[in-house]
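Given next, in structure tokens, is a single chain: the form predicted on its own.
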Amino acid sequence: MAIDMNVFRGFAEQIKMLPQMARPTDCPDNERVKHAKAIFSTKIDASNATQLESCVHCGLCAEACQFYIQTEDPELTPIHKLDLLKRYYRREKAPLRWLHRLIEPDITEADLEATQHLVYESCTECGRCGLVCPMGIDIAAMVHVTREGLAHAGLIPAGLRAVEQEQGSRGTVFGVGPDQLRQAADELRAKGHEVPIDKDKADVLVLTSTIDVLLFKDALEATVKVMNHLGLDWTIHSCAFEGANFGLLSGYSEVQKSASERITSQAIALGARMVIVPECGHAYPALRWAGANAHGAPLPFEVMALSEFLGREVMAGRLQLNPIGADKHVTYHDPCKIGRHGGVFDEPRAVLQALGVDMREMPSNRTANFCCGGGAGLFVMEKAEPMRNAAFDLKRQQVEATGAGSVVTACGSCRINLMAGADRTHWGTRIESLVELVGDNLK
């Protein structure tokens, strides 16, 4: 089902309005540094301290970052984005901190504000820099620690803050709550699909996302078709359907925990053995790994990304598809959080193979894949637009090198950023959802 570009452009205009909807933060101006330092102090353990000590200044991380590659701006070198955190470490935690206090200035509020652009608007925490670091420094994880410090200092960019505040206060994202979910389900029922909502018990809890309810309705419909096709005992639950976690994206841990726990508690109440995360990149690590930390115990259910689930079912022979044919030339864009961070590479490719399409890999693929540029919340940050555009331009070159007429992905944020770039540059390549292709070709 083709996406109505007028609806898409309307959604993009709504995103531009987000900064006006953000409420002022609760953190007084004169306490921002104190709050940031408190987070840094908690987060810098022996492992993180070792990583902050380990940089050998080789510059390889710069050559791995799509933003540096596209701009050649030394300020965007990934390791440079940790300077604020490193300064705190040297002055407050390092063995020679007494010496560093003599030669390095203390952190100021101006330093925090200057870092906002580096760790929010110029980094998607894609992890490609950490992949090439010879010292094994997980730069993306350190950037996230810095985000956490800025978030508790009240310095989340306004667009991202608006959505995080909405999810934290009302439990909705972009205004989508249980009523909008039920309306979307009714639309699918009118098309003949069975859509179970709020069952008391179910083997599988299926999450969706606001983006799929509002914009990518093809992905939601395809997910419903797949679950019914497999004959699973499944449900969507109106109290816990949103997979997106804007607390994780912003770095505000209270909202991250509450959004994650809402899902975990509902899955336990259902007796679910599996929770399936929708086509949303960051929703996957937010529940699969960070979810246990928020819950305080191992999760008593399996968490699977939708693309991972589809691939597993295909490889087990339970999900059989009608081949589309080799006349359809596609390439696959690995969402960073599902692919490089989650290791889900073979499953989506198994699905494409089962569909019989002509699959063509980009020059950089799988672990080396370049980010779309909209991850980690950049797609809702107005000031991040130049970075998003720069990343798209690189991705476009990679796609065009394959000669494919379609780029398939399994993340709504990636899809939005690629569609926005295609619309901006009048690019004719199709941007498609993996589950949409599956739903359209069930045997």
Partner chain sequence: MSFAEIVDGPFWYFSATVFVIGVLWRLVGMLNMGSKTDFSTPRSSGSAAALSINITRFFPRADFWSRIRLQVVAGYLFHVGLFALLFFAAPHIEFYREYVTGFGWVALPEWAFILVSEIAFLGLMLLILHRMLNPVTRAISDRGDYIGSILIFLVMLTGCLALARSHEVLRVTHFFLAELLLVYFPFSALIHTFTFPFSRGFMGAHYGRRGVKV
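Positions refer to the first chain, counted from 1. From a predicted model like this one, the values you see are computed outputs, not experimental measurements.
Just so it is clear, the following notes concern the form predicted in complex with the partner chain, a form of the same protein that is not shown.
Enquirer: Are any of the heavy atoms in residue 165 no more than 4.5 Å from a heavy atom of the partner chain in the model of the complex?
Expert: It does not: once the partner chain is placed as it appears in the model of the complex, residue 165 has no heavy atom within 4.5 Å of it.
Enquirer: Can you work out whether residue 105 and the partner chain are in contact in the model of the complex, taking contact to mean some heavy atom pair no more than 4.5 Å apart?
Expert: Answer no; every heavy atom of residue 105 is more than 4.5 Å from the partner chain in the model of the complex.
Enquirer: When the contact criterion is heavy atoms within 4.5 Å, does residue 342 count as touching the partner chain in the model of the complex?
Expert: Residue 342 belongs to the contact set for the partner chain.
Enquirer: Is there a heavy atom of residue 316 no more than 4.5 Å from a heavy atom of the partner chain in the model of the complex?
Expert: Although the partner chain is absent here, residue 316 would stay clear of it in the model of the complex, with no heavy atoms inside 4.5 Å.
Enquirer: Please pick out the stretch from 203-211, 352-360, 129-137, 224-232 that is in contact with the partner chain in the model of the complex, where contact means heavy atoms within 4.5 Å.
Expert: Result for this chain: 129-137.
Enquirer: Would the partner chain be touched by all three of 6, 196 and 215 in the model of the complex, meaning a heavy atom each within 4.5 Å?
Expert: No residue of the spot touches the partner chain in the model of the complex.
Enquirer: 79, 236, 321, 267: which sits within 4.5 Å of the partner chain in the model of the complex by any heavy atom?
Expert: Partner contact (heavy atom, 4.5 Å) among the options: 79.
Enquirer: Within 4.5 Å of the partner chain in the model of the complex, which residues of 183-211 have a heavy atom? Give them in sequence order, or say none.
Expert: Residues within 4.5 Å: none.
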